[in-house]
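So this first bit is one chain, no partners, the form predicted alone, shown in structure tokens.
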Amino acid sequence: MSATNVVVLDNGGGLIKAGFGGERDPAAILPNCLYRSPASKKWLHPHPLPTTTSTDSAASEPDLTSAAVRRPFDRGYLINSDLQREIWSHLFSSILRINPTQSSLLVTEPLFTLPSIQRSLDELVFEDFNFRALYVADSPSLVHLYEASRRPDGLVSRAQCSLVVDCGFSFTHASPVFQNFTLNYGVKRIDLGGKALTNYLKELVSFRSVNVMEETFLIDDVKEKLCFVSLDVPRDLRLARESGRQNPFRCTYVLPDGITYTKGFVKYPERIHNYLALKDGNGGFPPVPEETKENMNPLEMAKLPQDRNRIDLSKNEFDLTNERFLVPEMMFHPANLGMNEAGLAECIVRAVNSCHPHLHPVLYESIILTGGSTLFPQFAERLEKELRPLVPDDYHVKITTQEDPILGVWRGGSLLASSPDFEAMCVTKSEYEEHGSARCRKRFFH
């Protein structure tokens, strides 16, 4: 079986990353949902997100303002296999253009998935799409595999041990991995992920400025562009009360009007990184990083700053100040919002303490961050600051963020699919038909 005949599918609750084994990047990244605009009665498939290999222009993106969303996943688990079948069918036929009967599938599955959900997935793969063979992997082991292969001389590769912190769409896991196997007895979970953060930002903006409770895609964009992790929350809350230029956090987000532009944008992008001056310890504001200028989409905004200032957008915009850092703060102190959950640092300590004492120093020194919610600026720095007082003084704490936290799991799957032992690890369609789902699942050691 060649690696190009293996479809690698990181089937997340928020995004699907799909491509072929042996390749560095997925062929397509698309939201794992269907949407319906208020003006339409038909549920539509979202466009794939732009990738390094895609050629689609952003100009053809549909208007997602006030769109209703249906997702096959809820709280991180597959609950609607019919909807997932519809999304996969569109993916395999229209985007990847593959024949499942001539391909094998490597798919990711959340940790501690119930047997009934596992059966639904197996039926989907073998009975609805007729894939030739299936391998089910969990995210932490794939992240560990990829990081160990990237740094053959690093601690993760030499010790064959790491602690993978996966901050995903629906929840966050701290998972010890030893010799490419996730130690299930040590996995700790927080019921907080990107979806909860977006919903919290919706509530804050709706209460303080304008009602955006129906604007899922829009507030996702606000969160990704403007939110960051604070290194000193009391100080930043005090500064957020300041007015005018004394407030380093104030940013204005312009809502789409549906005519001139169908996507929202930041009105003054040069102000986004003003908070970095606090980190430098000086009063002035730092220059705008070049990559920020490149990432700003000029199609939805006026070409020049002076033109943008002339447009009267006062009725179609809202300001963000302390919301920018209060939303990611949920990950570190969910109890402040009345949630009966441990913070991320405490979750990591509990996961490590569940393992053998000989593994503790290695796990603290090989923490790997993956998942889209770790992309907030200063996330790793704040986590280390929270973690250090909880860890024994004679242990080192080293936190590594993946080069692309969203694609890290998929790249690990692509690497596994291209290994010579992959075919022997899979369950074939004939084995599934003969033995059934429960017996075949034992091969995956979950």
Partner chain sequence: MFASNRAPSSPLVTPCPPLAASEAPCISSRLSALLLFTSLFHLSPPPPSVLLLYFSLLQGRSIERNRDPFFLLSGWKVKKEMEDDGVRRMSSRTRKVASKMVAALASTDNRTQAAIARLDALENDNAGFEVADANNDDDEASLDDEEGYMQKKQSKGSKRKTRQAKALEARKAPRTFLELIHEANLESLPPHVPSYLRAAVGPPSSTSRRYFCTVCGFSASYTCVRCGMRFCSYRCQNVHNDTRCLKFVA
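Residue numbers count along the first chain shown, from 1. Every value quoted in this text rests on a predicted model; they were computed, and no experiment measured them.
Heads up, the form predicted together with the partner chain isn't pictured, but that's what we're talking about next.
Asker: Do residue 227 and the partner chain come within 4.5 Å of each other in the model of the complex, heavy atoms counted?
Answerer: Although the partner chain is absent here, residue 227 would stay clear of it in the model of the complex, with no heavy atoms inside 4.5 Å.
Asker: Heavy atom to heavy atom, is residue 268 within 4.5 Å of the partner chain in the model of the complex?
Answerer: No, residue 268 is distant from the partner.
Asker: State yes or no: in the model of the complex, is some non-hydrogen atom of residue 131 no more than 4.5 angstroms from a non-hydrogen atom of the partner chain?
Answerer: Outside the cut-off, so no.
Asker: Can any non-hydrogen atom of residue 356 be found within 4.5 angstroms of the partner chain in the model of the complex?
Answerer: Residue 356: no contact with the partner chain in the model of the complex.
Asker: Counting any non-hydrogen atom inside 4.5 Å, which residue from 125, 187, 96, 106 sits next to the partner chain in the model of the complex?
Answerer: So the residue touching the partner chain in the model of the complex, by this definition, is 187.
Asker: Which listed residue (101, 246, 260, 336) meets the criterion of a heavy atom within 4.5 Å of the partner chain in the model of the complex?
Answerer: Exactly one residue meets the criterion: 336.
Asker: Using a 4.5 Å heavy atom cut-off, which stretch among 106 to 114, 153 to 161, 133 to 141, 370 to 378 contacts the partner chain in the model of the complex?
Answerer: Comparing against the partner chain in the model of the complex, the contact stretch is 106 to 114.
Asker: Each of 149, 181 and 320 within 4.5 Å of the partner chain in the model of the complex, by any heavy atom, yes or no?
Answerer: No, the candidate spot makes no contact with the partner chain.
Asker: If we check the partner chain in the model of the complex, which of the residues in 189 to 218 reach within 4.5 angstroms of it by a non-hydrogen atom?
Answerer: Read in sequence order, the residues that approach the partner chain (within 4.5 Å, in the model of the complex) are 189, 190, 191, 195, 196, 199, 200, 202, 203, 207, 208, 213, 214, 216.
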